[in-house]
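The data below hold one chain only, encoded as structure tokens and taken in the form predicted alone.
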């Protein structure tokens, strides 16, 4: 019992480290694979916690769904040999009990579980009275409230040490990433939980190893607290998610190549310069708000005209004209087409809301 308490204290201290690096195979496949991965990860001197999938929730039946509970002693031995704490994903109360029985140091709740409140509650019920850190991945679909709800359920179970994992969101038609980052949702979650650990999962965002570095760098630039990256001693022959895994040695190279930045720097001169530029941003934001307010006033006048002349609110040809004009102007100003589309979609919907009030008043 004393050993377990000591490990819990060490883990709590470790989770305050910045950046926190978690790595290991998508799936624990064999005892030898787990041990060799742990040894090679420890040899890099870069990894704080080893992760490995024991139970794998797969989209379709028949694919490899993990070795199950028999893999937990492998992790136990890997930790004993290397000193690396271990983390596993849990999706049911029984899995929580099994993981804790074998002394797993950190648990995480996966995206397919976070999306289901019943499953999250089952895990939370099994966590009552337990002192173990729990990391919660965002749900598969872009629903911030589901993510927040999972945090609340785990917190109500009495878990004090809760962290977040941003692994991207399923997006129809997305081709660049396995899971679209939708950084704005992760940033909003971080804003709502400023004191909570937030780490990024480039492996599941990318789905392929060639763009891992770029996504990891962006996460660090956005002040994420760390990274969880899948690594394997023989990635190409991994039993699951082979394309997104890298060797422990390649992981070390990638981490060495990242430009690690800080949220703040202790320099009065730099702070003064930053405040000057932030003041300019504030003034420009105020002007934008004034202009948007004026635009809505004109939209209301148009709404009144449409009402008086029995014209529909939506004018598709006019909307296409606005967008095409904005794309041309935006390109001249260095603004991306995706940003222009999202911005004008939001402005258009607000204009429709204003006109709808006029039309139905």
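Residue numbers count along the first chain shown, from 1. Since the model is a prediction, treat every value here as computed from it, not as a measurement.
There is also a form predicted together with ligand PEP; it is not shown, and the following applies to it.
Looking at 324 to 332, 294 to 302, 33 to 41, 49 to 57, the stretch with residues near ligand PEP in the predicted bound form, meaning non-hydrogen atoms within 4.5 angstroms, turns out to be 49 to 57. Ligand PEP is not shown here, but in the predicted bound form it comes within 4.5 Å of a heavy atom of residue 111. Mapping the unseen interface onto this chain, residue 28 falls outside it, with no heavy atom inside 4.5 Å of ligand PEP in the predicted bound form. Using a 4.5 angstroms threshold between heavy atoms, residue 79 stays clear of ligand PEP in the predicted bound form. Contact annotation: residue 204 falls within 4.5 Å of ligand PEP in the predicted bound form, judged by heavy atom distances. Using a 4.5 Å heavy atom cutoff, none of 209, 234 and 243 lies near ligand PEP in the predicted bound form. Residue-level contacts in the predicted bound form: of 89, 122, 98, 225, one residue has a heavy atom within 4.5 Å of ligand PEP, and it is 89.
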